[in-house]
Each structure stands twice: as C-alpha cells, then as structure tokens.
Ligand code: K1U
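Quick heads-up: it's one chain on its own, the form predicted on its own, in structure tokens.
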Amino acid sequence: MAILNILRYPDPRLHKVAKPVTVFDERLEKLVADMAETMYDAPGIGLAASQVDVHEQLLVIDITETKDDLVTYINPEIIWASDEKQVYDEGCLSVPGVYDGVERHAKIKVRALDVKGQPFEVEADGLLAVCIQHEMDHLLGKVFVEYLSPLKRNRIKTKMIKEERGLEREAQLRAQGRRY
C-alpha cells in the first residue's frame, strides 16, 4: 500500500469528471487499498479517486471513530433523496483547514458496486449522507467550496494558493539542505 498525493484546491484536475469503472481487477483493489491508507493517514472520513488524480467513479468512506468500517462505492448513484435538507459544516482533504456549512439532502439512497463488482444499496442519513454526497460531487468535478459565496470561495482560493507556494518554498530549501 502507498500514501497517494491528494490534489489541493484550486488544482484544475479537481474539476475533471470521473468515468465509470468497467474493470474489476487487482489494479482496482490496489487503488482502493492505497486510497483507504491515504484517507486514514490524512486523516479523513472520505476520499474520491478524483482527489488523487484518478478520474474514475470510486469513493472510499469510513465515518467510524475506530476506523474499522471502510466502505467502497464504485459507480455510485443516488436513486432517492429526501426533500428535507440539512446544513453540515463540511471540510475536505483537498481544502485543508477550511470548514463551512453546506446544505444537502438529509436522507439518501445510493446504489453502487463493491470492489468485486457486486451491486449493493445503502440508505444513509446524518454524517454518512453528507459524506456520500460530498464525495460524489468530486466525481462530477465539484469541490464543496463551490457551494459557498463567491467572496468566500475567492478568499479560500487565495489562501490555498499562498499555502501551496509556502510548501513549495519549504521543499526547495530542504532540497538545498537549508533550514526553513
């Protein structure tokens, strides 16, 4: 297993639309394992393949405190959503340190495939419903900050760009053997 690089907003690759998974093989199983390790290491509760620059319809989610209930959703689709909405403070591994309220369906029903290609359905509410909808947005090329006002979104974008420049500068200094 390996820790994968998580793309950071506003990286344009986060806006690519994912394609359906059609081959269920060892490569897919390794990708799922690597994504799970990356998500747990980050630490996070969900990760879409799009966030690690693999533009396939694949999510890994584990909302448990004990981190022992990983669920893989391949080619997920929401087949029912409640009219009732709720607002949750969301964060994202691609937008580290940023949290804000996003309105989503309070309850959903999702159909997906597991890593072996077997179909299953899940009814979700609360945090799981929010997490599934958030991660599915990534597959459509959408990041949660796009639900926020243009002013907030621009502030976040500026902050992320500044942080990325700082990380790049630190890496350059380290490579030169200098302290930062």
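Numbers for residues come from their place in the sequence shown, where the first is 1. Model, not experiment: these values are computed from the prediction.
Note that the form predicted in complex with the named molecule isn't included here; everything after this is about it.
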{"item": "Heavy atom contact within 4.5 Å of the named molecule in the model of the complex, the stretch among 146 to 154, 27 to 35, 107 to 115, 130 to 138", "value": "130 to 138"}
{"item": "is_contact(V71, the named molecule) in the model of the complex, heavy atom dist at most 4.5 Å", "value": "no"}
{"item": "is_contact(P119, the named molecule) in the model of the complex, heavy atom dist at most 4.5 Å", "value": "no"}
{"item": "In the model of the complex, I45 touching the named molecule (heavy atom, 4.5 Å)", "value": "yes"}
{"item": "Contact test in the model of the complex: G91 vs the named molecule, heavy atoms, 4.5 Å", "value": "yes"}
